[in-house]
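Given next, in structure tokens, is a single chain: the form predicted on its own.
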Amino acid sequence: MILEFQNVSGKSKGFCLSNVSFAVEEGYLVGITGKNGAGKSTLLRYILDADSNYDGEILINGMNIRDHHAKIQNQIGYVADENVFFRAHTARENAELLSVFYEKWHMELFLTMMKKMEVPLSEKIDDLSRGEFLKFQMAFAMAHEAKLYLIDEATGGMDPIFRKEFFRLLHQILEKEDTSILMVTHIEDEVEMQMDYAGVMENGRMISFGEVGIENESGKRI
């Protein structure tokens, strides 16, 4: 398993998780859905924030995230509107400045993907469109050989053409060996149409999780 939550409970800035357990296998696009405040983004914060306080265990490729946080972050690609970069610097400058923090970095791959996705290298991050910023983050994650992509509510407000293009890129990423994507979204249609596995959260609990289109224990189809 590339990602495992084992009985994770805790509170984070007013949001909570209660006994959450699920696992993400390699090679799959997994969606977590639920209403605002259900705990979807809290899942991601517990993975990303070294100071997260929770009970239970979170494992990445079998490694406990508490014990190997810095090493594990090298394997994670985070994509979100609020993702932190040097916003007054260009996309190329961000790649040059931040690449030193990763064990593996392939500048040629970054430049190739930016060109392929038609994202300008010489524009400041603040001057990129929302779509360009998301593509920049995908290229950045690919350049440091991310194994687990965490995508936080990225498709809200996307026009239908760009949304189709975005999911096509995600499926291309999954063609790479040992790569998985965990995406949180409040758009239920995306889960039914795009995801391999899906979980539904409610009040900090994972009330269902399984293969999309397969009936869960309560007889409901995910």
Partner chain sequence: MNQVKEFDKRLKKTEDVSFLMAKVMTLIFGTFGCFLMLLPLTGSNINAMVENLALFPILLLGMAVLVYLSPYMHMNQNGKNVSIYKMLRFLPVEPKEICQVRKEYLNKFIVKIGIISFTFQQIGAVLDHSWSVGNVCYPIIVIALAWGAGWIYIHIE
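As the structure is a prediction and not an experimental result, all values here were calculated from the model. Residue numbers count along the first chain shown, from 1.
Heads up, the form predicted together with the partner chain isn't pictured, but that's what we're talking about next.
4.5 Å heavy atom contact, His186 and the partner chain in the predicted complex: Residue-level check for His186: no, no contact with the partner chain.
4.5 Å heavy atom contact, Glu123 to the partner chain in the predicted complex: Outside the cut-off, so no.
The partner chain contact in the predicted complex: Arg45, any heavy atom under 4.5 Å: Yes.
Residue contact check: His89 to the partner chain in the predicted complex, 4.5 Å heavy atom: Flag for His89 set to yes.
Which of 76 to 84, 112 to 120, 128 to 136, 147 to 155 lines the interface with the partner chain in the predicted complex (heavy atom within 4.5 Å): Residues of 76 to 84 come within 4.5 Å of the partner.
Residue (of Asp49, Asp55, Glu177, Asp159) lying close to the partner chain in the predicted complex, criterion heavy atoms within 4.5 Å: Checked against the cut-off, the match is Asp49.
Residues in 84 to 111 close to the partner chain in the predicted complex, defined by a heavy atom within 4.5 Å, in order: Contacting residues: Val84, Phe85, Phe86, Arg87, Ala88, His89, Glu93, Glu96, Leu97, Leu98, Ser99, Val100, Phe101, Tyr102.
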